[in-house]
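Presented as structure tokens, the chain that follows is alone, the form predicted on its own.
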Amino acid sequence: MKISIFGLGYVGCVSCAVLCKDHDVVGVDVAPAKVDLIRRGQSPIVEKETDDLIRTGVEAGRLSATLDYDAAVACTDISIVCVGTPTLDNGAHDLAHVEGVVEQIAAGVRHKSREHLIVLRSTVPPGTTERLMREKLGGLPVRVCFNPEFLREGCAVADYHDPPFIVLAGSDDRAVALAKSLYDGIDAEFVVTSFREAETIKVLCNVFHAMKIVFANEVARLGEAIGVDGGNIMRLLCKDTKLNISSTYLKPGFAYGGSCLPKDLRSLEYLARQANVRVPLISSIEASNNEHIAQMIRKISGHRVRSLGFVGISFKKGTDDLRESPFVRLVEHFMGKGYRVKIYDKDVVPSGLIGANKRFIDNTAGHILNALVQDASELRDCELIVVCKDGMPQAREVYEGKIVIDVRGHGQGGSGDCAVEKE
């Protein structure tokens, strides 16, 4: 098939990388930097496997990229919408990019003599797809599907090939059948449902993940106060796979962050306010998450030191995504208090930050990039080391003689005479 993919962020890049193995794919974006990287066979994002897959696709002539949306629609049969839906000030999803891309695709379809399939993968509130069909696509020879993605940054390619399920909603049976063909060779259950249910399940999954993380961290804080090991309690709870469903995310660690969980939680709260429905548990999630960060600030502040080293700053391992990273908030706090701060994160290269990731850090905390060091050994003169992420070097000399606070919550490879505190 011939496929155009609009938006070369995480979902778009991973989709390009995976689909170009068996299809002719054109990536479309408004950012020349992203388009140029794809054209050179390079991934615009830091994500396992994407570099090799994109390079192979470009070399084989199956993957290209363009700024010209009209040309992309003209030469393809399917357009997949993967643009971002960041948070507005009121907590709702910002749908401006989605609406703009759908308008672009509609304009391109008007010049075609054959029908076109539009597959929306961007996270949107319920009712969005139906509204776009009415307002932007009426009278055009298009079929429409909503196909939410469940890709985790750091293992997105693996998740694409091994999804928990594949959710599809379509304007008709033909639309669903065409969208299913994008998953040929993938062994997963297909769930065909309504547009509103498909839109809602994506947001609810992310809210549920956020809730599980906060629940485990509340257990850890309570356990610390009453002399109980929160990690052991949660491991015991997770043995109940019949009622407790899954152990995923149910491990005490640090606060959640990233581009999905925070914005989808705010969006659901906004929807509840609009409907005048009280959701006390959901409404308490962000407050509890903030309290976990506040407690860590108090814990670090309790040590009589003035120099801090942070091992990791992006919101999770295997990614350079700094959007709403709780570790960025930690660093900002202590830099603002006059602490001398150094940061080592092998995944974060300032010159490599692009798109929404770069805009976030530029608009909120660009100054922290000045604290990045190129080698973990440069943290040796810090009095206290905060270990934020897995996948970082465990150099003995970095941790020896230091106070080490491991915010990951499942052990740290500190050795010698370092004092390790587990959060």
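Each residue number is its position in the shown sequence, starting from 1. As the structure is a prediction and not an experimental result, all values here were calculated from the model.
Just so you know, the form predicted together with a small molecule exists too; it's not on screen, but the next bit is about it.
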Practice prompt. Tell me whether V30, K34 and T85, taken together, all sit within 4.5 Å of the small molecule in the predicted complex, counting heavy atoms only.
Written response: yes
Discussion item. Can you pick out, from D320, E199, E153, D264, the residue that has a heavy atom within 4.5 Å of the small molecule in the predicted complex?
Written reply: E153
Worksheet item: Only one of S259, S314, T123, S79 has a non-hydrogen atom within 4.5 angstroms of the small molecule in the predicted complex; which is it?
Response: T123
Discussion item. Considering non-hydrogen atoms and a 4.5 Å limit, does the small molecule approach V101 in the predicted complex?
Written reply: yes
Worksheet item: For H97, is any heavy atom within 4.5 Å of the small molecule in the predicted complex, or not?
Response: yes
Item to complete: State yes or no: in the predicted complex, is some non-hydrogen atom of D345 no more than 4.5 angstroms from a non-hydrogen atom of the small molecule?
Response: no
Fill in: Exercise: C20 in contact with the small molecule in the predicted complex, heavy atom 4.5 Å
no
Item to complete: Please determine, with the chain shown alone, which of 329 to 337, 111 to 119, 71 to 79, 144 to 152 has non-hydrogen atoms within 4.5 Å of the small molecule in the predicted complex.
Response: 144 to 152
